[in-house]
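The chain below stands alone and is given as structure tokens, in the form predicted alone.
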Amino acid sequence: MATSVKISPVTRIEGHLAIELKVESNQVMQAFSIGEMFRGLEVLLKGRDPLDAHQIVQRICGVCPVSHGTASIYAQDQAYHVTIPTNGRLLRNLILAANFIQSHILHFYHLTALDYVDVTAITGYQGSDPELQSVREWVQNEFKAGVVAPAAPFLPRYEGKYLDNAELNIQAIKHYLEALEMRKLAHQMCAIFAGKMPHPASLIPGGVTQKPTAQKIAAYAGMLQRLQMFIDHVYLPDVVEVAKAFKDYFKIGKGYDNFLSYGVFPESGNNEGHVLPAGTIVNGKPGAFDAAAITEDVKYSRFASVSGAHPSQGDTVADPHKANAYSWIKAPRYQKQPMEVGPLARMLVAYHQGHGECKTLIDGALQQIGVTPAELNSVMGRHAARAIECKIIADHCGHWLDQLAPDQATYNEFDIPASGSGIGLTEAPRGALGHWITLDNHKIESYQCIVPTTWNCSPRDDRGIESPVEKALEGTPIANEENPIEAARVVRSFDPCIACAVH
């Protein structure tokens, strides 16, 4: 007989997500992903000046505001028929890249690593590092007091579920602390050209308002070098060590063989020729991306909006008491298929398209760990893909810096037409991000967003087909229904942002 297990809220993610599981014989038979709140930013945008859009939508998320700002100005670029100077494109890439780097470091060390690292191992630390000594004292006090600490699940204990090497655990705790500094550094790097972080002020339709002076380029380059050292010598090796220790998680969390990438970091034109390419994998077969194939279902979502519409024709009509609905997240589909988005999707799309850098790094990591490419569709595969992508992005930043011309324009002037429409497709750290804008009488007539976690953590669609997260949870072994850490690990591998998804 199946029992119901509910995790609410799922901790160490952005926003309020609940997961409800039907468990039978210590295995998940069914899963339900539940977005628990409604924000309505799309409704707030209607009737406003279009130039308000890229500032307001950045408030969808404090972790990836750059991605929302970028998607919005891409949509406005198209609606206003404005071209972007080379400097503007390069600066946009550098701002977005810095935000990717901080987000990926955040996810592994501060949101996920504590699922695998035994923080209490620090109680046996005998070294002289003052930071680790301070952590040791804190952990000892918390553990003795029987406190369930917000940073790590000290109580109840998940015996046998962490790294079993004391030295590796202590090293990971040290790296957790270093990662806080690296995140701060990436934020500072972003702010050099963004003006401030979070919620950059320099992103505008037509380009970027900041000028790439020699001083700013040198400052960005110096910070980038430190981050590259951390990624190469700490982040990537740590992910490999965790992957080796938890190799069984290459067989847990497999979703659909459906992946989607819009492409990100354009190398030419307004939003063309991406470093990480656009593309799809549907039922395991690579294919080209078609923006017209996107729709959103709402049968199980708390909306009275039209179901099955393309986002350019969609709307946002809340219906909190809708029968049979269980989430405030819509259900986007591509060619009526649920699609996983995020670093794993981007890396697999690039891998199948013969992206040399991506293929070399993925093959090398798989050989180190001792798993096959087919096993990337898994919990550990998502973590590995995120770390590899972080390196690829950081390494490309140097190329973009070299191409900047301090004496050239960073933006082009534009006029806002009385009517028009635009689509802004890019990638956030968590996956495919799209903004659709329609103008009428110089005002926003409609604005729709489909964000990465809308794709990954949606409820079932109109045909009853589960979302990628719901599918990935099915079959997950649950050793203890009172402490379903296995399910939490599956969910956190997607890096959900529910604040984004319930925009």
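Not measured: the values here are computed from a predicted model. The numbering used is simple: start at 1 and walk along the sequence shown.
Just so you know, the form predicted in complex with a small molecule exists too; it's not on screen, but the next bit is about it.
Proximity to the small molecule in the model of the complex, defined as a heavy atom within 4.5 Å, singles out one entry of L433, A345, A243, A98, which is L433.
With the partner omitted from this view, the residue of G35, P50, P468, P452 that lies near the small molecule in the model of the complex is P452 [heavy atom within 4.5 Å]. Using a 4.5 Å heavy atom cutoff, none of L91, C190 and A194 lies near the small molecule in the model of the complex.
Partner contact region in the model of the complex: 421-429, out of 80-88, 421-429, 408-416, 202-210, criterion any non-hydrogen atom within 4.5 Å of the small molecule. Mapping the unseen interface onto this chain, H54 falls outside it, with no heavy atom inside 4.5 Å of the small molecule in the model of the complex. In the model of the complex, no heavy atom of I478 sits within 4.5 Å of the small molecule. The small molecule is not drawn, but in the model of the complex it has no heavy atom within 4.5 Å of I444. Put simply, C61 is close to the small molecule in the model of the complex: some heavy atom of it is within 4.5 Å.
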